[in-house]
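So this first bit is one chain, no partners, the form predicted on its own, shown in structure tokens.
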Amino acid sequence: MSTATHEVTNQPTPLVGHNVYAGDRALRDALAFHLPGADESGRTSFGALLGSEAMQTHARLANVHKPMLHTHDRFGHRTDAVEFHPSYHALLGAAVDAGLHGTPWSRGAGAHVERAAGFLMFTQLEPSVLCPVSMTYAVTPALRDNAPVFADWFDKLASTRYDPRLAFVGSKTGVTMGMGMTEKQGGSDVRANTTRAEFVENNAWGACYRLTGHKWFFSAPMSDAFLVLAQTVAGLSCFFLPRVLPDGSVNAIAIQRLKDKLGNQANASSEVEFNGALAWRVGEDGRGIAQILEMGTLTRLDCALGTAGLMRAAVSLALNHASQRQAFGKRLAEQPLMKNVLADLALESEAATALAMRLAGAVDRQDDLFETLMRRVLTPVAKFWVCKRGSALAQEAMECLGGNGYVEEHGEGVMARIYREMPLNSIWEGAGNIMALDLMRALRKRGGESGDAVQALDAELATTRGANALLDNFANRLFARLSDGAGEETDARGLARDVALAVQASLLRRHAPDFSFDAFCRSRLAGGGPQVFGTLPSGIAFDSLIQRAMPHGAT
């Protein structure tokens, strides 16, 4: 006698074996705008790898089997080692092989835009292994302020050969780096740091110090070296802290414990103590804040890129589900109200990609004064707005899947993983208030040899002036506020939102279809701004927006 109670039907097939790049029209159009005529073959191959079943399995396993800290061996010797699942190493190796870490600094024009596209795509597979990748990217140029260290380390930081061994840099094929800024008592206020640095001697790597203190958030502690902040007699200074010293001994970095986090599970975030750890000063004594701010512009770029990638992944999963699942006699994607939701999510995702890639373009053109000013404006804007919208989008995309979206299922519930990951980029490298106030400082600095950020923003938006009355009116109101000095601090978040919306609309006019630009202006620039997803006004090209965002291979 059969024991079957029912047949499983109306369950969508997973989004597996798709090409992350080929199916992302928004990213492809942004790249065609920033790098016209560039060869796409490498991106297409990388997109196929990232969407493969094998890599998706690695992403699941790296999150299910979390890093484990081993402070001592079985004989009682201190080891301070973090053990990762092999899938973590497979993922990190793929990111290094693609040159998403320090490699762009060794290449020419366009390298940072290409790298940004790869970073955005990789995040759709697995974001948390990209922590050491992002930090390596950000700290590599800072090492130029210590010429001997830069000479010994740069080639290995730019290498595309992953080498996880604990060994001195001279015997490794490639290295990664981390950062350690935050302490218990300070958080974003790094001036409150208490870790102290005592001068030892000048040697082959310059001024050497002993560090005593702690770091409250010390991500990727298995990196080969770190840039950290510590107090000297001159004030807060920046230091290069290797895990293995030139004599082959292991530095005095004691890992106290790993953080038990909401998401970001494959990445080991730790608390550490320095008990006389040796470090070499990078840059001027007492000038650590300025160096950290410069590195922050690059990690903040990655926060925007990473969130845009997660948004794209969430939209792809929602579209894959809704294009197959039947309800009330139709596929979900054919239901009028669900069309509104899906189209709105697709529009938000494209706008996030456009803004993040525009910032990457400004980073790539560092010798251009206009692009330097736009980088100064867009870094806090993109970090603030894209990351804020990410969590709301993930919640709505999860709802498109219903209860299935909320289920972890031993790591196979990718939407749940995305939802847990989303808030991190908004917090990491400066939360929303820090970003909004940073933008206000940039816009209040008028004229001078360093240029005028308000004038640069005006020039950026002038490229599309006259294309849409809603955008023109929105921009006019924005610049009226800026003429009065950027307003009060209590409105700093509103200012960051409005700059983001104006730039996003302008970018969509330049490299997205007219129906996307029209939908964005009508839904984001009219009335009270962005509302609950699924409230696009009537007359919007819902089907066109959905079809444009449909992941490759979905029907």
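All of these numbers come straight from a predicted model, not from anything done at the bench. Don't overthink the numbering: it's just position in the shown sequence, from 1.
Same protein, other form: the form predicted in complex with a small molecule, not shown, and the subject of what follows.
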4.5 Å heavy atom contact, F218 to the small molecule in the predicted bound form
yes
Though only this chain appears here, would K172 touch the small molecule in the predicted bound form if you measure heavy atom gaps against 4.5 Å?
no
Just checking whether G110 would be counted as a contact of the small molecule in the predicted bound form - the rule being heavy atoms within 4.5 angstroms.
no
In the predicted bound form, is there a heavy atom of the small molecule that lies within 4.5 Å of any heavy atom of K261, even though the partner is absent here?
yes
Heavy atom within 4.5 Å of the small molecule in the predicted bound form - the one residue of G402, G206, G187, G286 that qualifies:
G187
Single option in L424, V414, A360, A266 placed near the small molecule in the predicted bound form, where near means a heavy atom within 4.5 Å
L424
TL;DR on 140 to 148, 470 to 478, 426 to 434, 247 to 255: the one with heavy atoms within 4.5 Å of the small molecule in the predicted bound form is 426 to 434
